[in-house]
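Only one chain is given next, in structure tokens, and it is the form predicted on its own.
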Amino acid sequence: MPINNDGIMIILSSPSGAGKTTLVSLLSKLNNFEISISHTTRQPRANEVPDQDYYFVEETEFQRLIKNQEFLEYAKVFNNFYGSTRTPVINNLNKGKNVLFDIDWQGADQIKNKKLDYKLITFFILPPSKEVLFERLTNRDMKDKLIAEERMKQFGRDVLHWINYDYVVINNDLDNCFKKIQKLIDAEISDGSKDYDKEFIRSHIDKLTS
């Protein structure tokens, strides 16, 4: 059974380009927060550091890890596999460290279904508008309009999963979004009052999907 000294699991998911990776990086700078580094079969982007941003592996190695049941969660996204290995996550939680996950809704569902004996808080990050999201996607290092358009198509499907998360936060301004998430985590840990308006979020979702 969990003890009070155990760490907590914090999942951030979002449609591609909404900012979850940057937010996870900011949260990891807080005291006692660690990122769960995912394995992936995709190629590194220009600004990514192997074994720091991701463990970049061949698909044969990824399949070996699946076969050995090493993953807490894994999913195939845009033709590449991503997954979080169990052992480092559990070790950090048992040491009292809070573990951050930068994963999609498929991975979030798998972790929730594991029903581990650790507190879990889930966040879904949304852009202020579809126009802003498209602009962010086309400004990435992958400046390929076709890739951006593929991700915009996926956006319409991904956004429907917001209902399965504890909190949905709109990333209109990065600093404000980060502070909002930090306050909600603090409130969850201390069992304090939470500044969260679900009806406002529902209204924003309606705008994004109309």
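Quick note: we count residues from 1 along the sequence shown, nothing fancier. Here the structure is a predicted model, which is why all the values come from computation and not from measurement.
What comes next is about the form predicted together with ligand 5GP, which does not appear here.
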query = Heavy atom within 4.5 Å of ligand 5GP in the model of the complex: which of Phe33, Tyr54, Phe178, Tyr167?
reply = Tyr54
request  = Identify which of Val132, Ile121, Ala75, Leu116 has a heavy atom within 4.5 Å of ligand 5GP in the model of the complex; exactly one of them does.
outcome  = Ala75
request  = Using the partner position in the model of the complex, report whether His161 sits within 4.5 Å of ligand 5GP, counting heavy atoms only.
outcome  = no
task = Check whether Arg45 has any heavy atom within 4.5 Å of a heavy atom of ligand 5GP in the model of the complex, and answer yes or no.
result = yes
inquiry  = Within 4.5 Å, heavy atoms only: does Ser84 come near ligand 5GP in the model of the complex?
reply    = yes
ask   = Given that the partner is absent here, does Gly107 sit within 4.5 Å of ligand 5GP in the model of the complex, heavy atoms only?
value = yes
task = Taking only heavy atoms into account, state which residues of 90-106 are within 4.5 Å of ligand 5GP in the model of the complex, ordered by sequence.
result = Asp102, Ile103, Asp104
